[in-house]
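Just the one chain here, the form predicted alone, laid out as structure tokens.
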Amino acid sequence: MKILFDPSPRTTKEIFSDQHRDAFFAGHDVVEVDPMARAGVYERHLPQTEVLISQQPMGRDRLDLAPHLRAIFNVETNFLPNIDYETCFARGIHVLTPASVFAVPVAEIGLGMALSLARNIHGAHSDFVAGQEAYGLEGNGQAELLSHSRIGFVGFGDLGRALHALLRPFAATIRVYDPWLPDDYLRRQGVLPATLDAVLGDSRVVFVVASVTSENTHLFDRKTLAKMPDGAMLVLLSRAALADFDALAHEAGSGRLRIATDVFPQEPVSPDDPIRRVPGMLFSAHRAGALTSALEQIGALVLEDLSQIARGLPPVSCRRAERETVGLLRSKPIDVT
């Protein structure tokens, strides 16, 4: 197959192990695109291209230049609003992303954050370094167990399912709010379908693991957060646009809620951003999924689905854009890994 390969802002080295990189270039007719010299490259090569690996705009004008195009892979791992999806659907062009590679790494750091919030691991460490540690029961003023607790999820996609698997040994009651999934499907996964109010009001820990859409931007504002009980915990793992960060800072700074986040509205965060000085918040610098092992899985999943497509079979390893939902997604392109 002829492949037009333009993975920027990812790099070839980042998304392929040595073995998979060799297999990719040896097994396909690959045209690499220099990000500094894109002008004319797409127009020149699209007429023969069967697979495009790129995050660049693909409107109707470019799609019309590609009569043999069978698939577009976004290895930045978001479905961006720069593709004419309806034309792709009409022509049977798969639009794919290997975003699932980040589910387990992000789930693991999310579990770690929840444990640290529940047992104040990060705070106890800081107190010890400062010579202000409290021993035994005195050092567990707000501490509580995740075991047999009440846990809530907002969203239940790849990340939610990976996190649920990690939480099974804790024997917690897990309620899920996900308006895109049927109740019986959630029950088969071993979780309880619930309204957003029930998830917020009945949970000691709430994991925010939903994709950001046109329907849930700033879902977690002051009004929503007020529904959580005093001392409850919120772990924001998916996208910063789901939360009003002024509201998060207010609730954490007052001591009413314990909050952890791996994502921020603007990254890198400014050194003088007041969020850095908010007590009661646990921070991670958007590093939850950024592991070499996870990034190299991007190339592995792409190779698997390239094999499927070459055999005339549907892709199975990457997530496909769906007609009913892709237009609602509001993913922000990555700036840093």
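For clarity, every value in this text was computed on a predicted model and none was experimentally measured. Numbers follow the displayed sequence, beginning with 1.
Omitted from view is the form predicted in complex with a further copy of the same chain, to which the following refers.
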### Task
Pick the stretch from 41-49, 55-63, 25-33, 299-307 whose residues have a heavy atom within 4.5 Å of a further copy of the same chain in the predicted bound form.
299-307
### Task
Taking 4.5 Å between heavy atoms as the contact cutoff, choose which of S126, T173, S214, S254 touches a further copy of the same chain in the predicted bound form.
S126
### Summary
With the partner omitted here, the residue among A249, L192, A241, V104 that in the predicted bound form has a heavy atom within 4.5 Å of a further copy of the same chain is V104
### Task
Report yes if any heavy atom of D202 sits within 4.5 Å of a heavy atom of a further copy of the same chain in the predicted bound form; otherwise report no.
no
### Message
Check P229 for me: does it contact a further copy of the same chain in the predicted bound form (non-hydrogen atoms, 4.5 angstroms)?
### Response
no
### Message
Even though the partner isn't displayed, in the predicted bound form is H94 close enough to a further copy of the same chain, meaning a heavy atom within 4.5 Å?
### Response
yes
### Message
Check R319 for me: does it contact a further copy of the same chain in the predicted bound form (non-hydrogen atoms, 4.5 angstroms)?
### Response
no
#### Entry: Non-hydrogen atom within 4.5 Å of a further copy of the same chain in the predicted bound form for each of W180, R188 and R323
yes
## Note on the structure
Checked 125-157 against a further copy of the same chain in the predicted bound form; residues with a heavy atom within 4.5 Å, sequence order, are H125, S126, F128, V129, G131, E133, A134, Y135, G136, L137, G139, N140, A143, E144, L145, L146, S147
